[in-house]
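Take a look at this one chain, the form predicted alone, written out in structure tokens.
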């Protein structure tokens, strides 16, 4: 039972990371209809920014938490710049053009990252409160993993509440299905698109900062999760925020138990699951032609 609980917890932590990485991509596609391949490079840059600010503030009591906040703010500014210079010019382009342009951004951002931070892996020290374990009922769980799980839950519930329970959320959903009507109501569609892109980058930044608690910061971390995160998005349904959350849990638990019993094909099982979903339900578990819901 202890082993089972540990594997479930490990799977949920990985699910939280999957969700944090993929939710911003899903949000952008669901509202704007744009697939941003550079999303994962932005997630990687957020990890490097967290390391940078943490190094600059080393010695201060709240250096990690300050670095977390500063990295998020810096990524929002970077997201705003990228949206103004690149993204807003491709929203109306064909999907193939979007993929080509944003994939080119991947190489640009990766090379800029290598120039600024080099190619050696970097390490971010955990704050004291997250270095221990929390024991309950004979089960010991790492505090840092519990934090990542809670971070995924809070981010997911907060974004869901914004989309489903606020006037802003209704406007965002309308931006996809009735975008021609919004300007007639005095709602600037480009501001909505800018806000959505910055929000997607913020979610990627939270994921990048969370990753520093789980592993080393390096140039390959974005590519490690890229394919798996796309599988999460496809399984849940392109543009479905709730579907992404459900899919992240399914994929996280699948990987967690597979790595224990069949480690050589743990990642392969996620691809197999994706293939089965595409055969029997091409639009995903909760997807409806890319519409956000």
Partner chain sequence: MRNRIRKVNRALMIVLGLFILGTIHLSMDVSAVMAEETYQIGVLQPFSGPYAIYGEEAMAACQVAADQINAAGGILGRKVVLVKKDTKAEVATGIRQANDMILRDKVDAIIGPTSSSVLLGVIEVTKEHKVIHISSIANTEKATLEGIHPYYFQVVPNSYMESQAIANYLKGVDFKSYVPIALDYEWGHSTVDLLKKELQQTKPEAKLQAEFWPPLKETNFSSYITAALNQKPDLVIGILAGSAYQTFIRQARGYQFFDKVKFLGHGFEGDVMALGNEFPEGMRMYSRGAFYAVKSPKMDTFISDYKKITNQYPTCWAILSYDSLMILADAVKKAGTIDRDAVAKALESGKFDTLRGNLSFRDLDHQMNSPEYFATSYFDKSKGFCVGKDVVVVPGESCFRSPEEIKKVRSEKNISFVPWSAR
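Everything numeric here is computed off the predicted structure, so don't read it as measured data. Positions refer to the first chain, counted from 1.
Although not depicted, the form predicted together with its partner chain is the subject of the following passage.
- Contact annotation for the candidate site: 33, 39 and 192 all lie away from its partner chain in the predicted bound form (no heavy atom within 4.5 Å).
- Heavy atoms of residue 17 reach within 4.5 Å of its partner chain in the predicted bound form, making it an interface residue.
- In the predicted bound form, its partner chain lies within 4.5 Å of some heavy atom of residue 259.
- Residue contact with its partner chain in the predicted bound form: residue 267 places a heavy atom within 4.5 Å of it.
- In the predicted bound form, its partner chain sits within 4.5 Å of a heavy atom belonging to residue 145.
- Contact with its partner chain in the predicted bound form, defined as any heavy atom within 4.5 Å, is confined among 198-206, 86-94, 156-164, 218-226 to 218-226.
- Heavy atoms closer than or equal to 4.5 Å to its partner chain in the predicted bound form belong, across 193-217, to the residues 211, 212, 213, 214, 215, 216, ordered by sequence position.
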